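Alright, here's a single protein chain in two forms, structure 1 and structure 2, each given by itself as C-alpha cells.
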Structure 1
C-alpha cells in the first residue's frame, strides 16, 4: 500500500501564459490533516481541482490513493470525499433529491451518521439547494462528503460562509473523522485559526511555489521573530542567511529568520546588540511573513527533507 495518500510530483500549471503553479512537490502521509495555505488566487483551488481530475496539469503528475488523478476509477473516487469552494451543488435540485442522488451513486453510505449531521445542521430537506444560504450549502456539502466515510477528505475552503458556531461544529466533526483510523484530510482555508486548530502539517504556497511544507510544531520552532536593539544605528546587513523579513528603525531591527540556530545567534552576537528579544508568533504571523511579496525566504530551508 502506498505510504502517501496524496502525491504531487513537479506540478506545473499555466493559465493564459501565466505560471500559477511552478514545480510543486508534495506528499501527504496517511492519517494526516494537511493544511494548505496561501493568499487568494495563489493556486490552492487549482491544486485541489487537478487532484480531483477536474482540471489538467500543464506538466507533472498527481496521485490520490496511489492512482493517477487524471484516470481515477469510480471505486477510487468512492473513497474520496470532497467539499469544494463555493459549494457547487446542483442548485435546481431539492435537498432531498440531491441526497438521494449522492446516496445512489455512492459505493458506501452511512445513513446513521448522515442523519446525525442533517439533524445537527438542521437542514431543510424540502427546499431547493439554490434557496439555501451559503452556510447551509456548506453544511450540506460537508454532510454529503462525510456520509461516505471517506478514506481521504479534500476540503477546499469549507468554512467559507459559515458562522462561528457552524465553523466550530465543522472542525469538531473533522477531528472526529480523523480520529477514526487511517483517515486523511487535505484542508485549504483562509481562516488560519481553523487550520492552526486542526492541521498537524502545514503547506504554504507563495508565488507558485510551496515555500513551507512541515509539521505545525516544527514550523513554529523554525521561524523566529526577533527584536534586536543595537547600541548605535542598526547594521544594514547582518550576514545571516534565510532572513524572511527585516525592518530597521534607527537602533531597532525586527528580524524574521527561518531555521534559527546557535550558529546564526553567534553571528548576530558579533554585532554586540544591547538586547535581543523573541517576539511570539502565531501561525497567522508566520503566514503573513512567508507570503509577503519580494521576501528573500530561502525555500529549501523551510521544507522538510
Structure 2
C-alpha cells in the first residue's frame, strides 16, 4: 500500500501562455489533514481538478491512492469523496431523490452511517435542494461524500458562503468523522482560521511555487516576527538571510525571518540591540507574510527535508 495518498511530481500547468503551476512537488501521507493555501487565482482549484482527472497537466504527473490521476478507474473514484465550493448539487431535485441517485451511482454506500448523518443534520428529505439554506446544502454535500466511506476526502473551499456558526458546525463534524475513521483530507480554504483549527500539515502556493510544505507546528516554529529596538537609528542591513519582510521606523525595526536559528540570532546580537521581542503570529499572519512578492521567500526553503 502506498504510504502517500496524494503524490504530485513536477506539476506544471499553463493557461493561455501563463504559467500557473511551476514544478509543484507534494506528498500527502495517509491519515493526514493537509491544508492547501494560496491567494485567489493562484492555482489551488487547478491542482485539485488535475488530481481528480478533470483537467490535464502541461507537464508532470499526479497520483491518488497510488493511481495516475489521468486514468482513475471507477473503483478508485469510489474511494474518493469531494465537497467543492458552491455545493453544486442538482437544485431541482428533492433531497430524497438526490440521495437515491447518488446511492444508485455509488459502488459502496453505508446506509446506517448516512442515516445518522441525515438525522444529525436534520435535513428535510421532502424539500428541493434549491429550498435549502447554504449551510444545509453544505451539510448534505458532506453527508453524500461521507456515505461512501472514502479513504480520501477532498474539501475545496467547502465553507465559503457559510456564516460563522454553520462553518464551525460543518468543520467540527467533518473532522470528527474523518478522525474516527482515520481518513485523509486535502483541505483548501480562503478562511485561514478554519485551516488553522484542523490541519496537521500546511502547503502555501505563491507565484506558481509551493513555498511552504511542512507541519503547522514546524511552520510556526520556523517563521518568527521580531520587534527590535536599537540604541540609535536601526541599521539598513542586518546581513541576515531569509528575511521575508522588514520595516524600519527610527530606532525600531520589525522583521519577519524564515528558519530563525541560533546563528541568525548571534548575527543580530552583533548590532547590540537594546531589546528584541517576538511578536506572536497566527497562521493567517504567516500566510500574509509568505505570499507577499519577495525574492527572499522563494529561497527561504520552507519545506521539510
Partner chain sequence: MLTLIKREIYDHIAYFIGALVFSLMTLAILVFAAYSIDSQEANAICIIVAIPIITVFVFGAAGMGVSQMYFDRNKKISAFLSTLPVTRNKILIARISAGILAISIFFLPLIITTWILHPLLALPVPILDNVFYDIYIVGLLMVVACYCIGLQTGWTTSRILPSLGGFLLTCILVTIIIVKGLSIQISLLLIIFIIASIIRVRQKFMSTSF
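The model shown is predicted, which means the values in this text are computed figures rather than measured ones. Residue numbers count along the first chain shown, from 1. Between two forms, the rigid core is defined as the largest C-alpha subset superposing within 1.5 Å.
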{"item": "Of structures 1 and 2, the form predicted on its own", "value": "2"}
{"item": "Flag for residue 116, CA shift 2 Å or larger between the two structures after aligning core", "value": "yes"}
{"item": "Residue 95 C-alpha shift between the two structures of 2 Å or more, rigid core reference", "value": "yes"}
{"item": "Exceeds or equals 2 Å, Cα of residue 138 between the two structures, core fit", "value": "yes"}
